[in-house]
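The chain below stands alone, shown as structure tokens; this is the form predicted alone.
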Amino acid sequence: MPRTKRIGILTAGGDSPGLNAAIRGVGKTALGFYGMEIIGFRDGFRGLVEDRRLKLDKTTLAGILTVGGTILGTSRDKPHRMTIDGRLHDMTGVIVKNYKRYGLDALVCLGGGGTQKNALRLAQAGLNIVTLPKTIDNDVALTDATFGFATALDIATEAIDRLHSTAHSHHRIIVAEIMGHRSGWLTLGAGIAGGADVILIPEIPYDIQKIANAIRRRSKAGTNFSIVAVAEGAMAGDDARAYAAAEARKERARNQKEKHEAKLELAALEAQHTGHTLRLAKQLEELTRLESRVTILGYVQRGGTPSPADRLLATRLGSVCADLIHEGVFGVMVAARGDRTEPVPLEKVAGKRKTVPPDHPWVEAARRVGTSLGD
């Protein structure tokens, strides 16, 4: 009799709606369709290092489809830079050793861009790895969609819908900060769907005067309120150019000293950006003479019950993940391609980010309906 295949599964990075649905999709297909065994590791890669396991069976997987978060827990620990007793250690060797000790035939990693890079390192260390793309930012490269995005889009859109009545009643500018440090998919989508008057995303540096002019034009036309949807990482032109220059210096760095200096510069610029949305609202209030208020949606966008769209996507990708393991296909991410899926080599995904192209149809649609993008 052939030995039963045993697979491990973990969730890493920030939590996201649909993680449990994906765990269930992988688990039920692997258990029920292929007769595999499944071990869950708690709190991301740390659970694999510290021997924190959970056997996943039909009972464990029951009832989790609609539950937010992840039953396995998560962390942002990196295998090659993990804090142990207050010091950084490369725990890749420990993970490889434990992978073999547990008799694993494959390891499934659910996560965003950082997880794809960490998974590639483990694949290069000789482990059989398959990943699933998760993030509310929708910025993982080479997949049409990531699970978590659809739910967050629903939540952010509903928030903008609710802000309209207050903005209208009090003749205010309401600035809604939406998650997205380096990509604007969530802010752009929610801004369009929620009818925001101004949408600011990281990919399109803004001019504060042009935003103020757009709001003043609305006032002159008799509309004394405006909704501004702004991504966390949206920047004014000068700030965006300074950040791009620092990133370019980091890429050109010829030695560790230059790379470290560039990282320090980027960290300083990030620190300066803290509180950006509050400053933006204050500037708009001064320029337009309209009272402004700020709403920061924060973690509410990542919580709660996943939407039907995310449950469907996570289940589809999870079940195909089990298929690929059965077929012996490793070192790949399961990408969404319309109604189908495609295994994409991790080398093509890791270190890449899917950002909003300036000529994307969503951008064009926003401009056509008169939405200001700040440029």
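Counting begins at 1, following the sequence as shown. These numbers come from a predicted model, not from an experiment.
There is another form of the same protein, the form predicted in complex with a small molecule; it is not shown, and what comes next is about it.
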Counting only non-hydrogen atoms, which stretch in 192-200, 81-89, 176-184, 205-213 is within 4.5 Å of the small molecule in the predicted bound form?
176-184
Contact residue in the predicted bound form, from Asp105, Asp154, Asp77, Glu232 (heavy atom within 4.5 Å of the small molecule)
Glu232
Considering Val140, Ile95, Cys109, Ile136, which brings a non-hydrogen atom within 4.5 Å of the small molecule in the predicted bound form?
Ile136
Distance check, Arg302 to the small molecule in the predicted bound form, heavy atom within 4.5 Å:
yes
